[in-house]
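What follows is one chain in structure tokens, specifically the form predicted on its own.
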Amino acid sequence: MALKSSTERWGGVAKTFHWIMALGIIGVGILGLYMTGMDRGMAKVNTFALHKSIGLTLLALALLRLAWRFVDRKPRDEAMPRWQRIAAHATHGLLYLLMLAIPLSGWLFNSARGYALQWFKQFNLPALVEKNESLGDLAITLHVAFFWILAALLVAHVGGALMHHVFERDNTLLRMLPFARLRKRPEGESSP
């Protein structure tokens, strides 16, 4: 598998970023939902710390992923109606935006509430702002709202990929799967 993307498929680096981010986002989301229902105590404190550390890691990976997108080519879009292409590009843009906004809003909340922010108990990150309760309330409201918007977009993203795979029978999903063979296009059919 080539590291860089081609006109036909995503490369190994893009695929690795995609699947690590997908698993990380699902995991940190489940952890976030679980921890809010926990009883007070050290287990809850440790779970929050893990959630924050994973979130910071995903923020760093999202920044690296964006940097990679600027140096890597993007495969051609599969043939599809214009509205689907616009919806796909809008969904991808919003996913990238939320991959940055969710951890940043969490960091902002943490800072505004005056909590120390550590990365896996290795080092502290600086506060983004001074302590400010009302800003903390806004930040956590945004953090939760962004999460639910991301969840809806992920359903649309996965649903779109599966729709293309099952009904359109094109390579939209296959070109992001590791080691998948692309389907051959019927004679006379070409990419846009």
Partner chain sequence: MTPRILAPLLGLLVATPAFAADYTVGAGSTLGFTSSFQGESFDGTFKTFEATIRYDPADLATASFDVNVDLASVVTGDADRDGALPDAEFFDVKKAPKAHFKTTAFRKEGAGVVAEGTLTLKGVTKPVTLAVTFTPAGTGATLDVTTTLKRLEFNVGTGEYADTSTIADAVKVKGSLKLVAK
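Since the model is a prediction, treat every value here as computed from it, not as a measurement. Positions refer to the first chain, counted from 1.
The same protein also has a form predicted together with its partner chain, omitted here; what follows describes it.
The three residues A87, H157 and L162 each lack any heavy atom within 4.5 Å of its partner chain in the predicted bound form.
Think of it this way: in the predicted bound form, its partner chain has a heavy atom of just one of M42, A152, A67, I30 within 4.5 Å, and the residue is M42. Checked against its partner chain in the predicted bound form, the candidates T57, T141, N46, N132 yield a single residue with a heavy atom inside 4.5 Å, and that residue is N46. In the predicted bound form, its partner chain lies within 4.5 Å of some heavy atom of A116. Of the heavy atoms in K52, some are within 4.5 Å of its partner chain in the predicted bound form. Taking non-hydrogen atoms only, K74 never approaches its partner chain to within 4.5 angstroms in the predicted bound form.
In the predicted bound form, its partner chain sits within 4.5 Å of a heavy atom belonging to L125. Stretch-level contact check against its partner chain in the predicted bound form with heavy atoms at 4.5 Å: of 101 to 109, 88 to 96, 117 to 125, 75 to 83, the positive one is 117 to 125.
Counting a residue when any of its non-hydrogen atoms is within 4.5 Å of its partner chain in the predicted bound form, there are no hits in 136 to 169.
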